Structure formats: structure tokens, C-alpha cells
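You are given C-alpha cells for the same protein chain in two forms, set apart as structure 1 and structure 2.
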Structure 1
């Protein structure tokens, strides 16, 4: 049936729960675009015949045109939703995405992500004085300025603003400023210990 490939792309995104980014479906997208090209070419041929007097083709032309518009909406919804998910990943993981996520992205999406993170970094440097303002910190308002964290993997030395250096070794626990730890928590280096 016309439009099933494009609708299948949208259904797959809908099934991917919680902002999870499924693999980019190049082949399905190519097939949907090929179907659109074939529908367009059939319509062009039938429009020529309809102009010559075959009015019985008008309903078929309209049906194909509706299929073209539906495919277009589905493909654009698929691509736009993926970009929204990739943008959300920048806020969740920071400027470096894990390889497992990058593996699911197309080359164009990786390029878009790179341009988005550069644009966001430029904006953050332009506001907030000399050091800029890191908008990715404290996405949720903190309840306390210091938190207790456990190191999940060896990270090495970690410097705090007052010049103190802390050695982050696997399974070690520390009481550190929240804003210095949030990025490492998102990257999976530290784990917030809840009392």
C-alpha cells in the first residue's frame, strides 16, 4: 500500500520509548523517496492524458497526490523528531556523545550535532561575563551545593575551584561541589549517592 514505508519510519520512532534514538534507517528512507518519485512520475503522465480529455484519471491523480503529501509529512516528521532527540542528547550527555549513540546517527546528523554544540558553546560564552554561563549545569534546581559521589571508574586527578586536587579512583567516595560533578555524573564517571 502507498505510504507504508514512510509511515513505518514514524511508527518505529513512536515505539522507541523515553527519547531513545533508534538506528537511522537509510534503506527505508530511500525506498520511501523512491516511492514518491514513482508516484510523481505516474501523476505527470496521467496529468498529460487528463489534459487531453481523460477526466476519469482525475481521482487517481488526486489520490496519488495525497499519497505524496502523506509521505512527505511522514519523512519530515521522522527527520525532525530525530533532530529533537539528538538536541536533547546534547543536554543529557554533554558535548561528547557515547559511541553507542553515535553509531545510530547518520553522517548528516553527526554534522548537525557538531554545529549545534558549537552554536550552544558560542552562546554560553557570550553571556555571563568573562567565564561565560554553562547552561548545561543544574538542569534541575539543586537542593544542596555539595553532594556525596562514588567514583565508578578510574578518572585521575580532578581539580576543584579552590585549587584542591582530588584523586578519583574506582569505588572511592567524595563530598564535592554539585556543579563540578554534574558533567561527570552524566558521563558515568561518578554516581550520586542518595542518603
Structure 2
């Protein structure tokens, strides 16, 4: 049945819940596009036959046209939903993505991500006075400038504003400026401890 491949792409993406990014299916996408090309060419052939008088073929042509539109919709939705997921990664992970996620992206998506990063950065520089405003910070309203954190994995040396460096070793606890460690908490390196 026509349209199954493209629908399969959508089904796989739908199954990966919670904004998880599954690998980009180059091969399936190519096959779906190939199927569309075949449908289009068959239609072209039948259109010229229908023009020559075989009006009973019109329904068949319409059927193929529906399949073409359906494939188009599935592929567009697939690509668009992936972009939404990739955009979410920028807010959740920060501007550098782990390699494991990058392996799941196509070259075009990597390109899109870096452009999205750039325009977001340009916007954030333009608001909030001279220094700009990091919109990804303080998603929850802060109550204090410093917070207590525990290290969940060996991260290495980490420099804070006053120039001192702390060694983030697994299971060590630190009292750090909130804005410096918010991103590390989101990435799962540190854990926020409430007193």
C-alpha cells in the first residue's frame, strides 16, 4: 500500500515519547521519496492516456495524487517534528550537544541547529542592556544567589566568577553561584540539594 513507508517514519517518531530524538532515517526517507517519484511518473503517463480518451483512468490518477499528498504530509510532519525536538535540546542541554545525540541528526539538522543557536544568541545579546540576557537561565525564579550542589559524576575543574577553581569530583558537595551551575544541573552533572 502506498504511503506505508512515510507513515512508518511518523510512527517511529511518535513512539519515541518525551522529546527523545531517534536516529535520522536516511534510507527510509529516500525510499519514500523514490515512491513519490514513481507515483508521479505513472500519473504523468496515465494523464496523457486519459487525455487521449480513457476517462475511466481519472479515478486512478486521483488516487495516486492522494498518495502523493499523503507522502508529502508524512515527510513534512516527520522533518518538522524532529526540528521541534532539536530546538528543545538547545534549551535543555545548552549550546553544545553530546556526541550521542549528534549522531542521530542529519547534516542538514546539524546545520539548522547551529543557525538556531546563532539567532538565539544574537537575540539574547540584543535584550537586557549592555551585556545581554541569557534566557535559558533561571527558568524557575531563584531564591538565593548561591546553592548547595552535589556532584554526580567526575567532571573535572570548574572555574567560578571570582577566579577560583573547584574540582568537581563524584560525591563531593559544593556551595556555588546558582547561575554558574544551573546548566550543569540540567545536564545531570550536579544535583541541587535543598537544605
Partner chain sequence: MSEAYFPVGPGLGLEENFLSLDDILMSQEKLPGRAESSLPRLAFVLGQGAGTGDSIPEGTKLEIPLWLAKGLHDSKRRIISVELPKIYKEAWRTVFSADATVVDLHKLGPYYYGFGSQLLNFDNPENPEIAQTLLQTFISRFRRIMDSSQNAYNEDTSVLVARLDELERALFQAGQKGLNDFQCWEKGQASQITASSLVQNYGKRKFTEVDG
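Rigid core (definition): largest C-alpha set, two forms, superposition within 1.5 Å. Bear in mind that the values here come from a model prediction, so they are computed numbers and not experimental data. Residue numbers count along the first chain shown, from 1.
Between the two copies of this chain, it is structure 1 that is the form predicted alone. In this overlay on the rigid core, residue 166 has a C-alpha that sits 2 Å or more away from its partner position between the two structures.
Annotation: Cα of residue 7 displaced by less than 2 Å between the two structures, core superposition. Summarising the core-aligned comparison between the two structures, the C-alpha atom of residue 187 is found to shift 3.0 Å.
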